[in-house]
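To begin, one chain is listed below as structure tokens, in the form predicted alone.
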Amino acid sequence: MTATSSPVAPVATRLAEHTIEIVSDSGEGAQKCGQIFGAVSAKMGNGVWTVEIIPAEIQPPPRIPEGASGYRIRLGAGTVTNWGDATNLALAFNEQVLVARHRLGALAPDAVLLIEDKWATHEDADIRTAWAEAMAELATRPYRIIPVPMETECLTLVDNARKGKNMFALGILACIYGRDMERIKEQIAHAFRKKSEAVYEQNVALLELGRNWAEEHIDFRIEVTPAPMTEPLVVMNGNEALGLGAIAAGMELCAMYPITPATSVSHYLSEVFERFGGIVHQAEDEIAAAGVAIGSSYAGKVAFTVTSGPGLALKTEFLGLAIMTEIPLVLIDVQRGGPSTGLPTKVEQSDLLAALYASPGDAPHVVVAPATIEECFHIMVTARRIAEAFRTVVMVLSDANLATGVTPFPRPKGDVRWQADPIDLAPVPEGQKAYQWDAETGLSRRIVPGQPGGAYTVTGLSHDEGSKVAYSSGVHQRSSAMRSRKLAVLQSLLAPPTVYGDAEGDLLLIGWGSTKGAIEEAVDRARAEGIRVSSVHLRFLSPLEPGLKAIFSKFARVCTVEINYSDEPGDPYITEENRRIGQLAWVLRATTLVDIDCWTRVPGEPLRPGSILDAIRERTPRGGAA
């Protein structure tokens, strides 16, 4: 199908939501196009959830399915909580990246596919053959395919179309979805704020060229009218929200070593942290980053460190030191696929057991997990307060889905109580010991260097209340009990989790982290079908929120939904005795003694609500299973 000038007015269709993808080879700017489109849509009041499509290699060869790089935007009239099931419109810079999305099942059967048409008549016969084969494969589904002369059009303005197609594509999308051009230009100015005025003007010219082309050649428009805004909103991704939350919490130092997908936390803070008295320290490695944060916290600062799975492994010994010395520390782990270097650019929730238990010896600490991008902001305030009040390590488990996804949420209303209290530098009372544990709570006063009368030895060795190295069984037993007691005290302050749906039924789904939106959408769909299913989403993973066993007892079946691996029952050699189950399921079974099932997947992408719905149907009477 070719695109020609439309002799009649384009047909406008009003929808509650629509999902768009922009895909290209790495380095062609599809992600920048998608980021700007998503941000502008959110600022116009639409609900938005975005997901980056990133190849595993930094610079894969061009025109291969494995090299698909891009951005997916789920656009809604109201709140959008996850990336949905399938793409309704894809704009591709070549046929190979489009075929990649087709083979992954990412495209809706009736999707509209806009594709660069230069490859159909390319001088290289192999490329023309690859184009023809790809078109034949795509023709097996009832897609609507619209060739677009991106390069031909862009070359009227620039010498290198590869550096201009993304803005041309943005102009096409702006036309189709009725995006505010002035807002787009403002966003382009922000995105290229470190470039020259000439670069900005060139990008705007390409944007307008794309919009004008679409006005003449695209015969449809999609209207996703936003609901009226009732309060001011902000638009950001999860890593930016973590950084902004650290500022709101009064944190003063971020020490880290760059690692995907956590690095952009420091990128954001590097631009703004100094304005609030903060410092970003890039250490020589992950171990040093943990050491710098611990040392800073020992000196009285409010410090945190940021990493991903491989870095978490390297920080383990220092985390044990912070727990033994009871020095407050917040650690953000932006999870990715594993093991080892695994899937650096893909989402997974496989660090849970490592976060809970991967420290030599008994090292109790707090583990929390935000479920939304908004929670990424607020959880930093909570983590800082807990770390300091309980003199412990608090791990914040985010993931790649939250890290790079963009969504609007209500503008936080700052509260001075979020900030850390000034360090008490008053003289230490005579006789006060460095670890003078309260026998009931395990808590002790934090003493920092410089306090008169507060000198004491800091050591990772077993020690008594006075910080004197002590190996006797009685001392170690007592100090271990005090470090553990603090988690019980914290749990006593927590409220039971909220049940989404009815308080009783045939099936209860348990989730954590970024799966919340997909799980709850699947629950809503299932309940509309008459299935008696509800869900619970956990934020505290150590200690667990109280009351879980009582909640579980009101459902015939309980099942976790997780993005980590579990064996499938019935697979070769898999038995009830050797089956490896989902990590949260493992923890909940151990702590509640409830027979908890699990449904887990490791696709390298966020879970889709439709897939979770299928799992619900399989596990409920209506789905044919008792």
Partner chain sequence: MTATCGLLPVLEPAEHEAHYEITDYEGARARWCPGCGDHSILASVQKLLSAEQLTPEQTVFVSGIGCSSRFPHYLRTYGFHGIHGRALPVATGIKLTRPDLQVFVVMGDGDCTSIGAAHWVHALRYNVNLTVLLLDNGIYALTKKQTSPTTPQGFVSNTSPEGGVLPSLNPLSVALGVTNASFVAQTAEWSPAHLYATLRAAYHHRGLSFVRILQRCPIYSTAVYQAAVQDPARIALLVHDDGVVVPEIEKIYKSQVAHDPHDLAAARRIADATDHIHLGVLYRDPSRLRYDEIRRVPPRTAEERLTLIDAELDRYAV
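Positions refer to the first chain, counted from 1. Keep in mind it's a predicted model, so treat the numbers as computed, not measured.
This protein has a second form, the form predicted in complex with the partner chain, left out of what is shown; the following refers to that one.
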The partner chain in the predicted complex: contacted by all of 42, 252 and 275, heavy atom 4.5 Å: yes
Options 168-176, 276-284, 120-128, 542-550; stretch whose heavy atom lies within 4.5 Å of the partner chain in the predicted complex: 276-284
Among the candidates 500, 555, 268, 390, the residue which, in the predicted complex, approaches the partner chain to within 4.5 Å (heavy atoms): 268
Partner-contacting position among 296, 81, 264, 96 - heavy atom within 4.5 Å of the partner chain in the predicted complex: 296
Contact label in the predicted complex: residue 327 to the partner chain, heavy atom within 4.5 Å: yes
Interface membership of residue 199, the partner chain in the predicted complex, 4.5 Å heavy atom rule: no
Residue 495: touches the partner chain in the predicted complex, heavy atom cutoff 4.5 angstroms: no
Non-hydrogen atom contact residue 458 with the partner chain in the predicted complex at 4.5 angstroms: yes
Stretch 427-461 - residues with a heavy atom within 4.5 Å of the partner chain in the predicted complex: 428, 447, 448, 449, 450, 451, 452, 453, 454, 455, 456, 457, 458, 459, 460, 461
